[in-house]
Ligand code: OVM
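Single chain ahead, by itself, as structure tokens, in the form predicted on its own.
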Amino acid sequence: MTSQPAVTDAVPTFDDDPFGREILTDPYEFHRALRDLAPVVLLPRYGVYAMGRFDDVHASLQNWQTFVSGRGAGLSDFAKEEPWRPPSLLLEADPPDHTVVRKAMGDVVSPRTVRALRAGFQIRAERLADQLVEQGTFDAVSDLAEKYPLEVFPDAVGLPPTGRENLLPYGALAFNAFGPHNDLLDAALAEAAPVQEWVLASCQRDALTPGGFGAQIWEAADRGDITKEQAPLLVRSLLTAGVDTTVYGIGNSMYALASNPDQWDTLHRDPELAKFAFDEALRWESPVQTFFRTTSREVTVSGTRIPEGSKVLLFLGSANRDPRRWGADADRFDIRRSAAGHVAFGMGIHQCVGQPVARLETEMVLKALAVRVRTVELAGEPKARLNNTLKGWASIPLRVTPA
């Protein structure tokens, strides 16, 4: 019989700043220290609790009744301060309001609709892969991770061809805004200011082509499944989270494979492993590193009492490398590992609704390159792109040899 830990109000404090540039650039030593210190720690710099172990993060993400999202998935508490924009109906809402819009979005981004995209996504991935292999050297971020999603995903949503580059600074702002008001958020606000009007206009019915995800959301409003006020906010959710996370996911996957040539060799020999390679890359270097929750009641986590109304910072990236869940080699990138169950897309009712599209995009890209490329290596020093929530790269120079 397993004994339960004694309940305590004493919480170890951790003075390091998880939103400092050094830790955002390379968070893994911080994660190890966080996990080893205690299941729950207090970050006095921000007055929030934090968890980094897999079991606690996983359980908290699933327990939406206690760890609520409706008070904000970032540092700001919407019960105490005005959000910077109307809250996301998917990320920053709880049942019953969340249930209605989640079902509507699930009907739009369904297995059937995603399957219908597969052939078109594959053709474009193969065309791009041919170009990159012919070049011999390319940047995995600007030439691949940004280029491909900005082509195929806005088409799936139904956006016009012009202005799609606006999605990147807007997404960067949205994810920076989940963190503290620091220099990264200030820079993102300045860069995104000119594009916010374009994004809002692109969410309206008349801006969207028939048949796309955006038009289908408006059709749900016509049926009465959601309100006409909710429709543009749901389209905005697609535009906000549907590009940046995939860009980071593809970039991180290519960085992982280029840094581990034996793993690229495995993928080249069996390109059908592409979807498993993506899952392992999501685990090994999670694009979304953190999300906040707020406690709706007093709760005890692994023997530590957390008061009602507390902000809790969940380290998804730390949970995905926790040796308690993934074994002693948790820091090793291995595409034959069973990475199922990672929390890179969240978990529970707030799990990323657009993940089937991100998975399809990345699978098509990795498979197309795996068939055509014998070896891939870093051709220069990668440059990190810092964001309060996302972990990824501004530049990854690569050199490839054709198969």
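What you see is a predicted model, and the numbers here were worked out from it, not measured in a lab. Position 1 is the first residue in the sequence shown; the rest follow in order.
Another form, the form predicted together with this ligand, is not on view; read the next lines as being about it.
The three residues Ser88, Ala241 and Phe291 all sit with a heavy atom within 4.5 Å of this ligand in the model of the complex.
Contact with this ligand in the model of the complex, defined as any heavy atom within 4.5 Å, is confined among 121-129, 80-88, 279-287, 153-161 to 80-88. Residue-level contacts in the model of the complex: of Phe315, Phe175, Trp264, Phe213, one residue has a heavy atom within 4.5 Å of this ligand, and it is Phe175. Ser237 is the sole member of Ser76, Thr295, Asn166, Ser237 with a non-hydrogen atom lying within 4.5 angstroms of this ligand in the model of the complex.
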